[in-house]
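One chain is shown next in structure tokens, namely the form predicted on its own.
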């Protein structure tokens, strides 16, 4: 007896089911951006995604779990790319720092990441768990890369011990300023991210050149 094969309708249903988590994440991102984390309801996410609320719980157990999935989806691949680009770079410390800064601008200035950053800035203090999640998935990974670069530079003698080496987070402050400027002031006093990047790299060059001298 010949077993029946799945037809076009079955295959479409399977593809639809496989794509559903991403559809829910996309709908969640839109709701989080429009309403903020506190006011977003899973009912509204379901309506936007064209499903019933119960379907969301098949994939995400809570609003926090959906937000975590949105963070991972929006930033996870970019963070991995950042880690790989730094790991594969055998150049000088300043080459590694240049590479990291360029990758950060590519990572942060994307629509999904900007939406997530806007939520963290506006609601992080009211919802520490959300801020902690953002820190764990993005900030801590970036800090780890940055500290490893500085430790490598110290070991090679390319950097001297200094307050900068003790707190290298200051190195990325211009990109945070660029992101905030873009989100808040772009409507009436725009500065292109490329200009911030150029100035950021120039500042890096001058700071490390002075330290070398």
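Numbering follows the first chain given and starts at 1. None of the values given here were measured: they were computed from a predicted structure.
Missing here is the form predicted in complex with a further copy of the same chain; even so, the following discussion is about that form.
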Discussion item. Residue-level contact is defined here as any heavy atom of the residue lying within 4.5 Å of a further copy of the same chain in the predicted bound form; does residue 151 satisfy this criterion?
Written reply: no
Discussion item. Can you tell me if residue 47 lies within 4.5 angstroms of a further copy of the same chain in the predicted bound form, counting non-hydrogen atoms only?
Written reply: no
Worksheet item: Though only this chain appears here, would residue 171 touch a further copy of the same chain in the predicted bound form if you measure heavy atom gaps against 4.5 Å?
Response: yes
Discussion item. Given that a further copy of the same chain is not shown alongside this chain, does residue 55 nevertheless sit within 4.5 Å of it in the predicted bound form, heavy atom to heavy atom?
Written reply: no
Discussion item. Counting only non-hydrogen atoms and a 4.5 Å threshold, tell me whether 59, 69 and 111 all contact a further copy of the same chain in the predicted bound form.
Written reply: no
Discussion item. Please tell me which of 51, 26, 184, 65 lies within 4.5 Å of a further copy of the same chain in the predicted bound form, judged by heavy atoms.
Written reply: 184
Practice prompt. Would you kindly say which of 92, 73, 99, 122 lies with a heavy atom within 4.5 Å of a further copy of the same chain in the predicted bound form?
Written response: 122
Practice prompt. Just give me the residues of 115-139, first to last, that have a heavy atom within 4.5 Å of a further copy of the same chain in the predicted bound form.
Written response: 118, 120, 121, 122, 124, 125, 126, 128, 131, 132, 134, 135, 139
Item to complete: Relative to what we see here, could you say if residue 34 and residue 178 have their Cα atoms closer or farther apart in the predicted bound form, with a change of 3 Å or more?
Response: closer
Discussion item. Can you confirm the direction of the Cα distance change for residue 41 and residue 134 in the predicted bound form, closer or farther than in this form, given it is 3 Å or more?
Written reply: farther
